[in-house]
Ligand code: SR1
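In structure tokens, one chain follows: the form predicted alone.
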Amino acid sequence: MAIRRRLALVSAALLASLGGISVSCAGGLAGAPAPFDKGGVKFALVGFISAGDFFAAYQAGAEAQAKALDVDLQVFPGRQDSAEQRSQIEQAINLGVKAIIIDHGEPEALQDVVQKALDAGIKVVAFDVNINNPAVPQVEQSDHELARLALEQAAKDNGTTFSAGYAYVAGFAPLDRRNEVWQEFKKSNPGVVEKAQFGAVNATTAVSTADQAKAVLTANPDISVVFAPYDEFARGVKLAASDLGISSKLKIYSADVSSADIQEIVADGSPWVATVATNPAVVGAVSIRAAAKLVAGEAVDHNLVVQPTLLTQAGLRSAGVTTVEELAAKIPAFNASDVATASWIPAAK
């Protein structure tokens, strides 16, 4: 796990030093609408967060779909910096791309520069950031469903009377949507008492969250359940529980998944008992397909929702699943989505 995360961060650092990378092939697609029939179409993928396996997998899925479409995809790495993300969108506009895919970010910092791109005739698709613009389709993982399934499993395992810790940072669209479900869950189940809220989103989210979780769990030894609706949060809470020696007294419920997550979930004595997720690579492919359809002049729904799957520790162990690739092979629905498809768009490999 540590090696994979380091590789992801090293890749981000290399991208940062280069200002962006290009993934492309040449020749065009036979039978595709213009401009894809000729090839050489340029897209940009502009991220906000670089750390974590989820974002590496999302980017890999986007790159694979771009390659299948013969799209020249310029990737700008996330640096957890809104000003930098704005600058990267400006760079993409100046490159003359046909479409920009925005992966997370802070809406207030992006709305005007996104409008600048639209005014320049560039199509824009947003993943897990609400640009609040009817011209910008929103790709999401059905965040309400992610949270609902996780909390239903928490209630199934623990009943509806327990002390809880909650990992959450406001201002990020997917976390805000998941928070709406958490608030409703508490209202519907007054026996669930939130003892503390904590969390951090930065270049070392898991480590920063672990530091906070240690303080919270030490101050509130009666916490038996933690709802951590982002896998980097869950990883941090698991680390804190291990360091404090309380893994056997805690159960963690999360959202999102990666191979590193699965290995932590199925590990002996792990308190991370369930997560709910879509395949981030599939979501990346959906984002590129949506942009391609817009560029081709085809209709695209404003909300593009990829449905999630509940993954329990017991289920993963019994199926012998240890990687996302094995998960995709054993649960076909996890490996594909019919969102934003078209007959002329080849499947990503």
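Numbers for residues come from their place in the sequence shown, where the first is 1. Keep in mind that what you see is a predicted model, and the values were worked out from it rather than measured.
What comes next is about the form predicted together with the named molecule, which is not displayed.
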Quiz prompt | Option touching the named molecule, based on a heavy atom within 4.5 Å in the model of the complex, out of V192, V75, V136, L175 | solution = L175
Self-check item: Contact flag, G236 vs the named molecule in the model of the complex, heavy atom cut 4.5 Å
Solution: no
Quiz prompt | Partner proximity in the model of the complex: K251 to the named molecule, non-hydrogen atom cutoff 4.5 Å | solution = no
Quiz item: Taking heavy atoms and a 4.5 Å cut-off, does V201 contact the named molecule in the model of the complex?
Solution: yes
Self-check item: Partner contact for H104 in the model of the complex: the named molecule, 4.5 angstroms, heavy atom
Solution: yes
Self-check item: One stretch from 126 to 134, 84 to 92, 159 to 167, 238 to 246 that, in the model of the complex, holds residues within 4.5 Å of the named molecule by heavy atom
Solution: 126 to 134
Quiz item: Which residues within 44 to 78 place at least one heavy atom within 4.5 Å of the named molecule in the model of the complex?
Solution: I49, F54, F55
